[in-house]
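Single chain ahead, written as structure tokens, the form predicted on its own.
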Amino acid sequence: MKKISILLLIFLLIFTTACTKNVETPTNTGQVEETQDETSQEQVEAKGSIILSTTTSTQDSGLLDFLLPIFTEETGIEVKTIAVGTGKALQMGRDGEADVLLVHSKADEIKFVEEGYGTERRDVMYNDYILVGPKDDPLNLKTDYPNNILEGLKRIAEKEAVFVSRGDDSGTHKKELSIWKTANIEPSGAWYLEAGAGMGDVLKITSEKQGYTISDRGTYLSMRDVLDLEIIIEGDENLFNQYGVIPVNPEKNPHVNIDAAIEFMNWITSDRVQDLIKEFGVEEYGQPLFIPNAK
């Protein structure tokens, strides 16, 4: 009987130990999973968010609406976009009001970096500017000067046809003024309207007034169905439009999220994202709105 009792006692001890282990195992697994989730969340929060100061053309064309959700999904970095003229975007960088810039006034961008406000500048993509105007083209610019923007602007000034300028110190405005200067014309008078607005609004105003304006091709193509305008002059070398990306220098503005800004720069200039840019607009417009050229 003693032997039986001892055997029963040993059996009960083994059974109790096994049950205890089975009960504890799920609890430990849950704690590990919870810890992993917390670590993953901490990693995402550590990357934080960035403010992207950019031009109205990248916003109005729909490019950023296409790219930024992919960036956030892949990196966990949220992006707040502020679309303004390039001059204002660069000033926001100087003032530390943005973490990274995507703009299109290369000479000003290079100066921005040389002054120490940006860590570096990389080419991202380009498109071109075009002169758009009334479909009946009363000045016959499309016939006489289809690829000559200087002669086209000279005739507009001579005839005092309505011309709508961005007038907002944007990259497009700077380009427009440089072309007028190359043509030896200082535009002024009732025919020359300075809108002080973004590209989308300027195109709408030009359409309403049946005038002429210089637009980036991407924004025009994205809006052409709601505009009573067509391309009048294109293909002139004076109309080239390069975009660049610049992280803001933390030595000037210590609070910027430089790690996330650099990650955005590397991401948008990567081969895979350059391919995404190349395909953007092809299905809807029959041509890309931007041509990638990051090196």
Partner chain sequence: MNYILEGFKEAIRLLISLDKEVLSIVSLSIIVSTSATIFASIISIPLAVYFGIKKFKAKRLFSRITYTFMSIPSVIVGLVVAIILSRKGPFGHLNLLYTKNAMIIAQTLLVIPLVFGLTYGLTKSRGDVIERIAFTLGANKWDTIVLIIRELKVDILVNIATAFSRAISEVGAVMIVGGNIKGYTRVMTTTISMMNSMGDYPMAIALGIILLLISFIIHSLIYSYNRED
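Since this is a predicted model, take the numbers as computed values, not measurements. Residue numbers count along the first chain shown, from 1.
Not pictured, yet referred to below: the form predicted together with its partner chain.
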Which of 143-151, 112-120, 213-221, 196-204 lines the interface with its partner chain in the model of the complex (heavy atom within 4.5 Å): 196-204
Complete contact of 88, 208 and 225 with its partner chain in the model of the complex (any heavy atom, 4.5 Å): yes
Contacting member of 76, 96, 187, 167, with respect to its partner chain in the model of the complex [4.5 Å, heavy atom]: 167
